[in-house]
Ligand code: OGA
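Only one chain comes next, encoded as structure tokens, the form predicted on its own.
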């Protein structure tokens, strides 16, 4: 994790500076930009300029209509359309609480998520940090024997599975909109060529292994990756925009009294498509 130099992302169109941000993301995995003043539209526009096509098939989108009118702008809040704190048993709140377990945004989609950009619009007067695990460092700390064992494996990721483990269940109709996706357990990140573990709470099973054995391995790997030596934490301030690479990190929200204090953040996640195609597509749309 690194704190970026002061810069107004709203007005940032310089291609060289955008490339510097991408390079810093390759190096650090998480960047913190303080003091931003972004409208909903400006947050979405910046995400497109930086990394292209956006993820919109979120779990929130199958539960209720987006209060911002754009499914690519995910509402990471405990507030409803009326501006009031959600009731304790509201399904939107129950779904959101699952963000407190280790996860990777959009790993249940294909293509999966690349960058997530979370913006603090309203924060509580108490700590409500976001914690990150460096999956590159976690992979590099594995034994050579275990690296060889997991190299050819693939994992089925399902948000239906992860929510079920938290006591939240989607209806059959909702589940049909969230079919899940399969990805390699170990990924090589272009730009650095470092390898990273790719797993989290959405990781339901290893395709090549029997269910009990595979789930135990996934559990062990998550426990390994979330040791203190691989973790960093961000304490939110109003106007923060935090960008992280879902291919190289896991993250989780730390708990606070969400039945008492409002917390409103918006997230945009880009899709892990070839970078050149993304940039060309974004330029064409702007034109």
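Residue numbers count along the first chain shown, from 1. This one's a predicted model, so the numbers in the text were calculated from it and none came from an experiment.
Separately, the form predicted in complex with the ligand exists; it is not shown, and the next lines address it.
Residue-level contacts in the predicted bound form: of 71, 140, 129, 90, one residue has a heavy atom within 4.5 Å of the ligand, and it is 129. Of the residues 204, 118, 133, 196, just one reaches the ligand in the predicted bound form with a heavy atom at 4.5 Å or closer; this is 118. Every member of the trio 253, 263 and 267 reaches the ligand in the predicted bound form with some non-hydrogen atom inside 4.5 Å.
Of the candidate stretches 176-184, 100-108, 80-88, 144-152, only 100-108 contains residues with a heavy atom within 4.5 Å of the ligand in the predicted bound form. By the criterion of a heavy atom within 4.5 Å, residue 76 is counted among the residues contacting the ligand in the predicted bound form.
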